[in-house]
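Here you'll find one protein chain in two forms, each presented separately as structure tokens under the names structure 1 and structure 2.
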Structure 1
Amino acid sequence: MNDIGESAKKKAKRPSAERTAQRDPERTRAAILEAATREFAENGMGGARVDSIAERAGTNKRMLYHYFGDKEQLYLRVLEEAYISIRTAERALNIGTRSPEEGIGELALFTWRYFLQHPEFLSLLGTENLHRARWLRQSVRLKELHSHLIGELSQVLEEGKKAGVFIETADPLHVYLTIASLGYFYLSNQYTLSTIFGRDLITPANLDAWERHIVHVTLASIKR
């Protein structure tokens, strides 16, 4: 197709995409967020392209800017939604309704399995840490979400201390950092570690073994 024909084709697509967005704005926003999540996870903040996000979402840049402002605002929204997803799923665990040991063990299992099922979340974390949480600091929504997590974890630990199960110095932030770091480091460095030590860390058997290790180490660090 010549340049004139290609240009006409692109112009024909724009009204259609905009009409679709006007008919179902929520669907369009969701499609853009999903596409942006993939693009930022694969290419980072610097390498991600707005054109690619719009194409993946089946819309155009004009609609993307209309709903999210610019690339940086879209990236922040992607980060927020990623954290909201994991924190919302954590709340559904209701770890406070279980025995203290079961509650901590369940949180450890959930976190590891969530990381396994959502590699894009780990990629986004890596990107944001490279930028020293430049965009994350701008979010007010996330501070509220994380305060709830630490609050619930504190209650479970307090119950365990009262029951004589956990040590008095057990700290909720330390417990969560233990759980998250054991999962994050393993998966984020799977390729280099597998190569260096000559052992495929992502076989089902090795993943199951590491899952048990995370639960064991977490509980062993706080039990009397």
Structure 2
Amino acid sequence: MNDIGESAKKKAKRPSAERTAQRDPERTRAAILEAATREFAENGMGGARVDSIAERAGTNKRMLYHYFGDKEQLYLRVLEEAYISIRTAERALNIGTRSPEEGIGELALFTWRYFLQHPEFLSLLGTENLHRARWLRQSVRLKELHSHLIGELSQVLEEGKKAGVFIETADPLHVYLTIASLGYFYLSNQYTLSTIFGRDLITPANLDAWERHIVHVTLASIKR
């Protein structure tokens, strides 16, 4: 959950240093980050409480401010980590190694299942957009992270067009936004939707039906 190499890197002066079980800076840091992820995801930026994060992490505010500066910087770190996680997992898919149709289907399935397993990621996106990407815009770590996705998707679409299975107007950004839209809305808005339509959207049967629906819609929209 956190790169242990960091302490070794900065400590040329103290090479033999191994921390005791009681004092474990890396673990405390990781615990704060994880607790903050949950707190921000559940309550948003305005609703999140610094005291609550410290308590959840099994530590106190002093450590939180020591490691992360202030509430806003901690929030940005949480957001950055969330993006890094999904883009890293996405990259490991290697959608270009299959047939174009399978590749797109795989990406749709992966995205849906990732969203399903990481509700905190969806919440964080919602919070960040409520604030018009105020903090994400300040991030300097995320410039290169996302271009790979569009590049690889673009290649798969081109391949499909050459093979005559995809329509010529299929656009990589549009395809990704379609996949993400269908997953994001269903999950992030499940509570109001279940309430107003009087149907529990989150049962296994309904989740399964929507997963198939996403793949169906995505492919139907680009197939010749």
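Start at 1 and count along the sequence of structure 1; that gives the residue numbers used here. Please read all numbers here as calculations on a predicted model, not as lab measurements. For the two forms, the rigid core is made up of the largest set of C-alpha atoms that agree within 1.5 Å on superposition.
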For the form predicted alone, pick structure 1
Rigid core fixed, the Cα of R29 shifts between structure 1 and structure 2, in Å, by 2.5
